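Have a look below at one chain only, the form predicted alone, in structure tokens format.
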Amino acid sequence: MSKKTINIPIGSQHIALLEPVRFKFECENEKIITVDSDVGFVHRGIERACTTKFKFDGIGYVVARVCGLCAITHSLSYTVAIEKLLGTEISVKAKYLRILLLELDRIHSHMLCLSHTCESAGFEAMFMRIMGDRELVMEIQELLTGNRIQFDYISIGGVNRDLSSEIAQKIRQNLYEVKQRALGYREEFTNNWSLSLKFKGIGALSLDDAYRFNAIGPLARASGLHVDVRNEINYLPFSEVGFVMQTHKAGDINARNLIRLDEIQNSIKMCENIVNGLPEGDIFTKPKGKPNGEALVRFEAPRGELMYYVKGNATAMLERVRIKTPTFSSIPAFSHIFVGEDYADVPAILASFDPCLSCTAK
């Protein structure tokens, strides 16, 4: 059979895309040989607005709007950077409550990704099942913060709401339900042909390539690369509440699914430990002064390392706010994975990346 080279564009709007991104695939027959990508479709000027329109004590609520799925991670990263500049030390209780929201965010984000993987596989029933179960996590977030998505829970000096015994009991019940149902997902993603065997070996990223392309988050850990910001920072006591890094070796779609399933279970365990062992104390420490100097903060968002750089000049207006998002850092690895794969597998590979272009273009 003679080779025929064709160029196929996907995006920025396409039925197979979860986010507005443009890919240009060059294919020989059914095989992808080169990839070009463009992510600049939803730029909103948030970084500029943070230094021209808003005072430093309100920016935490602005950057929470960068992304609906990892709003807590964005507001937390900015807030910790400001606390470093102000020299503000928050209570242990506030730190535990911050971790609780951070891990709940990870659980519902991973569930969303897994549901889209099911949809790409044509398993609509499983898609609906996971999305329905995800509501249990959204209920917890609403109980804790008052909102399902844009939480506005983190403030400079602590958090805005305490955890009552009644809410704690409801959280325990919902977490138990999610844990049991997620164990059922593991059975499907391990033994169901549509969700396991079909995806084994597809969209694989080797350990060497994970190093070479500086992969982060579940994408890296599915390839056996031991990288997780929670294991490297001391802003929050992740080790005290049961954090354990999850890794696999295959690096394919199936491995990325399993990584997220394992991380859901570990995050549930962390949340349970926090609710059952929440320290006494205040949830807020009043900050003093205005930010002066530079601070760099990293956190592990659901998709990998999120980095915030903040520069203050001892006034209410900041000189610089710079955000580096996980999806932006993962684009080189994304593009590499497509090369050599069948064009028909593009939607499934894309879903397994779990890209967030709202974060990336901000």
Partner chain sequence: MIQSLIKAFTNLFKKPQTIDYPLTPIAKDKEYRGLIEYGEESCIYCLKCEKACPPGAILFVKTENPSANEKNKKALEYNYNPYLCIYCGECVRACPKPEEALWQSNKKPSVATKEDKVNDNWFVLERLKKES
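Here the structure is a predicted model, which is why all the values come from computation and not from measurement. Numbering follows the first chain given and starts at 1.
The following text describes the form predicted in complex with its partner chain, which does not appear among the structures shown.
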Practice problem: Decide if the three candidate residues Arg65, Arg161 and Trp193 all line its partner chain in the model of the complex, where lining means a heavy atom within 4.5 Å. | Solution: yes
Quiz item: Only one of 53-61, 30-38, 298-306, 314-322 gets a heavy atom within 4.5 Å of its partner chain in the model of the complex; which is it?
Solution: 53-61
Practice problem: Just give me the single entry in Gly277, Gly289, Gly87, Gly132 that has a non-hydrogen atom within 4.5 angstroms of its partner chain in the model of the complex. | Solution: Gly132
Exercise. Counting non-hydrogen atoms within 4.5 angstroms of its partner chain in the model of the complex, say which of Glu272, Asp152, Glu240, Glu119 makes the cut.
Key: Asp152
Exercise. State yes or no: in the model of the complex, is some non-hydrogen atom of Gly201 no more than 4.5 angstroms from a non-hydrogen atom of its partner chain?
Key: no
Quiz item: Quick one: is Ser77 in contact with its partner chain in the model of the complex, heavy atoms, 4.5 Å cut-off?
Solution: no
Quiz prompt | Non-hydrogen atom contact Glu124 with its partner chain in the model of the complex at 4.5 angstroms | solution = no
Exercise. May I ask you to state whether Gly146 is within 4.5 Å of its partner chain in the model of the complex, using heavy atom distances?
Key: yes
